[in-house]
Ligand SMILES: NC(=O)c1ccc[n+]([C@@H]2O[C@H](COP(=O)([O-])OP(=O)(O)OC[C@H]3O[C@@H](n4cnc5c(N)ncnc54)[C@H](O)[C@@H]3O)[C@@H](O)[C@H]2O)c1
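As structure tokens, one chain now follows by itself in the form predicted alone.
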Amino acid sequence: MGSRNKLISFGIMGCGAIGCGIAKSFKKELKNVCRLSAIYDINPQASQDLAKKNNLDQKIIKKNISGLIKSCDIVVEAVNASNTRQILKKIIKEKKNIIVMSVGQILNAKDLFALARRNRCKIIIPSGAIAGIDAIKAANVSGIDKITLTTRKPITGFKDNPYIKSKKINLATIKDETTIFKGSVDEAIKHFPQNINVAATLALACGNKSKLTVNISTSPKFKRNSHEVEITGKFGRIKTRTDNQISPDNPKTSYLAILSGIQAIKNYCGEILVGT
């Protein structure tokens, strides 16, 4: 798949906060292990802006998804749209590996994982905006009894959210920490698709989403995106808390989530090079 004389090529699908963050870090963090060969966004101007801002060759801008897929060895998905699963399926059918940033889109996607196995390609899930994923996977070997995620985000992260409007929650009147959601991971992802990919990552790591309860709260006092995770089981107890700087380009995105995508690319390329 790779060689020491030819750098692995990757493409970025989605030129929002995550896609831009990965592209921005390319020359500093990734240029020695891979090359950025393609970018695509449904909004052509977003692709143009990303390329211009990062001094990238305009030739890597692709006009459609097929053009991006053909131009790279591995695709970084950073779309999180209503058709994301269809896009992922298209990539897997072309037998390309994927780093999935919109983890909520694949929580109930056994068909995609089965297709990936048949086509011998990888669906890579970064750790995202939380810590301790390896420990959670290890704990799951003996069984997890309960896992709780408490997410705290600034009020700006929930602006124009349909669920907030349907529940008639007036964000402007909130003065102190207020719980705006408590429920299952499926419901959390349904109502907060732009905010709660970490819940899907946890559900996949623990192997049983019914064990997971999600709490989401907000306050004008919150300046960072915080994720507190507590797990209990035969192994004992784990409790972690990650206080994330928010992305300067999107308050709904944690900066650490972008960094985890960058590290996932580095890990993938490193594994390929070591194996040659």
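From a predicted model like this one, the values you see are computed outputs, not experimental measurements. Between two forms, the rigid core is the largest collection of C-alphas that superpose within 1.5 Å. Numbering starts at 1 and runs along the sequence shown.
The same protein also exists as the form predicted in complex with the ligand; that form is not shown, yet it is the one meant from here on.
From the list 17, 259, 265, 23, which entry has a heavy atom within 4.5 Å of the ligand in the predicted bound form?
So the residue touching the ligand in the predicted bound form, by this definition, is 17.
Selected contact from 206, 180, 79, 92, since only one has a non-hydrogen atom within 4.5 angstroms of the ligand in the predicted bound form
When the ligand is considered in the predicted bound form, the option within 4.5 Å is 79.
Can you work out whether residue 61 and the ligand are in contact in the predicted bound form, taking contact to mean some heavy atom pair no more than 4.5 Å apart?
Taking the distances in the predicted bound form, the answer for residue 61 is no, it never comes within 4.5 Å of the ligand.
At 4.5 Å between heavy atoms, is residue 161 in contact with the ligand in the predicted bound form?
So residue 161 does not count as contacting the ligand.
Test of understanding: in the predicted bound form, would residue 102 fall inside 4.5 Å of the ligand by heavy atoms?
Looking in the predicted bound form, residue contacts with the ligand include residue 102, since a heavy atom lies within 4.5 Å.
Even though the ligand is not shown here, does residue 83 get within 4.5 Å of it in the predicted bound form, heavy atoms only?
Residue 83: yes, in contact with the ligand in the predicted bound form.
Only one of these stretches, 245-253, 27-35, 52-60, 206-214, has heavy atoms within 4.5 Å of the ligand in the predicted bound form; which one is it?
The contacting stretch is 245-253.
Residues in 21-48 close to the ligand in the predicted bound form, defined by a heavy atom within 4.5 Å, in order
40, 41, 42, 43, 46, in sequence order.
After a rigid core superposition, would you say the CA of residue 49 moves by 2 angstroms or more between the shown form and the other one, or not?
False for residue 49: its C-alpha shift is below 2 Å.
Using a superposition on the rigid core, decide whether the Cα position of residue 250 changes by 2 angstroms or more between the shown form and the other one.
Comparing forms between the shown form and the other one, the residue 250 CA shifts at least 2 Å.
Knowing the Cα distance between residue 250 and residue 28 changes 3 Å or more in the predicted bound form, does it shrink or grow relative to here?
Here the pair is farther apart than in the predicted bound form; there, closer.
Cα separation of residue 192 and residue 14 in the predicted bound form versus here, shift of 3 Å or more:
Compared with the form shown here, the C-alpha atoms of residue 192 and residue 14 sit farther apart in the predicted bound form, by 3 Å or more.
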